[in-house]
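Next up is one chain by itself, shown in structure tokens, the form predicted alone.
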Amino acid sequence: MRTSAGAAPKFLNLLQIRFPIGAIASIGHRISGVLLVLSLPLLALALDRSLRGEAEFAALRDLVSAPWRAALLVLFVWAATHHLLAGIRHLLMDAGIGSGLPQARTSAWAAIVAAAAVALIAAARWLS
């Protein structure tokens, strides 16, 4: 089956597409889930090390005190917060609560802004 020249596939620049706020919240939910899964072994090792004793805890705290490592922790805080809030949003919408377009937009904005606020508070705490 042949396609005409006018129906040829076109390059889509994803940076030029305006996604609705619900899509952005959903994509953030997926990205944060992947980040959480990838960080789980590192966080488990950090927990194990921190529970070995006071000296190990202090060494781990010193290890995390580097600015780029603290920024990585802020990213993990954002991922956990956004994943939790967006997940609650999705569960409520599945139950029929807030599934109307205005309510869905408001809840998407609330999840995004709240996760960013928690991450900024963590950043202010750790990077100061």
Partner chain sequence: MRLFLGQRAWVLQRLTALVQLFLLALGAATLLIAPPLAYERWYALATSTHGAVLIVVFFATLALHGWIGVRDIALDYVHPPFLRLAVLTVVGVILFAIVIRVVLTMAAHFAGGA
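Numbering follows the first chain given and starts at 1. Rigid core (definition): largest C-alpha set, two forms, superposition within 1.5 Å. Quantities reported herein were computed from a predicted structural model and do not represent experimental measurements.
Beyond what is shown, the protein has a form predicted in complex with the partner chain; the following relates to that form.
Engineer: Test of understanding: in the predicted complex, would residue 83 fall inside 4.5 Å of the partner chain by heavy atoms?
Structural biologist: Judged by the heavy-atom cut-off of 4.5 Å, residue 83 is in contact with the partner chain in the predicted complex.
Engineer: Applying a 4.5 Å heavy atom distance criterion, does residue 41 contact the partner chain in the predicted complex?
Structural biologist: Output for residue 41 is yes: heavy atoms within 4.5 Å of the partner chain.
Engineer: Hey, in the predicted complex, is residue 62 touching the partner chain, heavy atoms inside 4.5 Å?
Structural biologist: No - in the predicted complex, heavy atoms of residue 62 and the partner chain never come within 4.5 Å of each other.
Engineer: So in the predicted complex, does any heavy atom of residue 67 sit within 4.5 Å of the partner chain?
Structural biologist: Residue-level check for residue 67: no, no contact with the partner chain.
Engineer: Since the partner is left out here, which residues of 48-73 would have a heavy atom within 4.5 Å of the partner chain in the predicted complex?
Structural biologist: Contacts from 48-73: 48, 50, 51, 52, 53, 54, 57, 61.
Engineer: Tell me, please, whether between the shown form and the other one the C-alpha of residue 47 is shifted by 2 Å or more, with the rigid core used for superposition.
Structural biologist: After core superposition, the displacement of the residue 47 C-alpha between the shown form and the other one reaches the 2 Å mark, so yes.
Engineer: Tell me, please, whether between the shown form and the other one the C-alpha of residue 12 is shifted by 2 Å or more, with the rigid core used for superposition.
Structural biologist: Result for residue 12: yes, a 2 Å-plus shift.
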